[in-house]
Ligand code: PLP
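Heads up, the chain below is alone and in the form predicted alone; it's given as structure tokens.
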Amino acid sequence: MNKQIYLDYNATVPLLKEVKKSLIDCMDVGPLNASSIHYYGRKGKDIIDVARTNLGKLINTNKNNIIFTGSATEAINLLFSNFNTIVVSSIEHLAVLSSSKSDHIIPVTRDGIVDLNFLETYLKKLVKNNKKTLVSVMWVNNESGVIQPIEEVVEIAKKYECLVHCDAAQALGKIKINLEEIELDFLTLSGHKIGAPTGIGALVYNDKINLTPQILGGGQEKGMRAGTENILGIRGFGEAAKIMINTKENNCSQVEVLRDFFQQKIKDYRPETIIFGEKANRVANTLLIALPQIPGDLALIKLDLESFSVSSGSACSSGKISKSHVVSSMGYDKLASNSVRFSFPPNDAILNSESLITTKELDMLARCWSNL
């Protein structure tokens, strides 16, 4: 097999063709620094404003409440540096778990859903001595694809006067986000999860809440994130957001058909395969599975040799496979080093514009899995 099949879209979505064109056009405008007051400075400001407008429309929020950062991780660190007491779920991305340094951990069920009863009981005891508490629960888990009950989390947190943050990096472009319908105080986003360049993220915040910046300097981004803006990254993020706006209700029907076809083939060929979060509400593009006797690193190497690029949900910065805290939290500790994640394009628009994956290719992948 010569064609390389990429199924690691939860790690990063390849740069969209429309986004690439917008970046080239942007580079042809000239030297852009939005802090300058001359012609090129105004051009830079206009590009940032359009991108902020597009992103605001995509998630239905005031564009003035959006701060561009270097990544979702930076946005999370900026936010968390303002709180001493942070309550997180056990399946959060390492950006949340590491930067929060929290001992206040909410467990999840075997389906990978945050335990709402535990959350309420925990907050009821905690807030008596902690008046400034932040609750942080992700919208969609990056490994399992399980959608968390964010509305219920917010309802419980607000009952005990807590502020709420949601890491929505894996939700953007896959499910509807409407901040007019949910009382979130903070949302963090990542551009490269929807086909923008890497190196650009955003913090959406409640402007009634005063935050202290981490990076000090020239006062860019309303004084919340100093440093000359990454105009190319911002332009790409805005263009990708525009594409998502024009995608009907983040339509994922074709993606889901492909994912479910592959899942059924896996069951047919290797019925002992464990599918994590199978009974939960998941985004359409994600499948996290494991074979009891096959280490995840071995599975990845063998699939890569067959031209399939997939991942372990637990890959660390060194590229090595570590034990998945998500799988462990779901009660499958013995399989925490065995999990393999297959992540398809986040929605039909990206599937059709970037790489049409065929059922024949997915059948071949399932057969490769059966031969592990």
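Keep in mind that this is a model prediction, so the values were computed, not measured. Position 1 is the first residue in the sequence shown; the rest follow in order.
FYI, the form predicted together with the ligand isn't displayed, but the following is about it.
Chemist: Mind telling me which stretch in 113 to 121, 224 to 232, 151 to 159, 166 to 174 gets its heavy atoms within 4.5 Å of the ligand in the predicted complex?
Modeler: One stretch meets the cut-off, namely 166 to 174.
Chemist: Identify, from the list Met138, Val135, Ile194, Val146, the residue with a heavy atom within 4.5 Å of the ligand in the predicted complex.
Modeler: So the residue touching the ligand in the predicted complex, by this definition, is Met138.
Chemist: Tell me, which of Leu184, Leu78, Ala95, Val255 has a heavy atom within 4.5 angstroms of the ligand in the predicted complex?
Modeler: By the 4.5 Å heavy-atom cutoff, the listed residue in contact is Ala95.
Chemist: Should Ser190 be counted as a contact of the ligand in the predicted complex, where contact means heavy atoms within 4.5 Å?
Modeler: Although the ligand is absent here, Ser190 would touch it in the predicted complex, with heavy atoms inside 4.5 Å.
Chemist: Given that the partner is absent here, does Ala240 sit within 4.5 Å of the ligand in the predicted complex, heavy atoms only?
Modeler: Flag for Ala240 set to no.
Chemist: Would Asn142 count as touching the ligand in the predicted complex under a 4.5 Å heavy atom rule?
Modeler: Because a heavy atom of Asn142 falls inside 4.5 Å of the ligand in the predicted complex, the answer is yes.
Chemist: Hey, in the predicted complex, does Ser99 get a heavy atom within 4.5 angstroms of the ligand?
Modeler: Close contact is absent here: in the predicted complex, Ser99 is far from the ligand, nothing within 4.5 Å, heavy atoms only.
Chemist: So which bits of 43 to 73 sit within 4.5 Å of the ligand in the predicted complex, heavy atoms only?
Modeler: Sequence-ordered list: Ser71, Ala72, Thr73.
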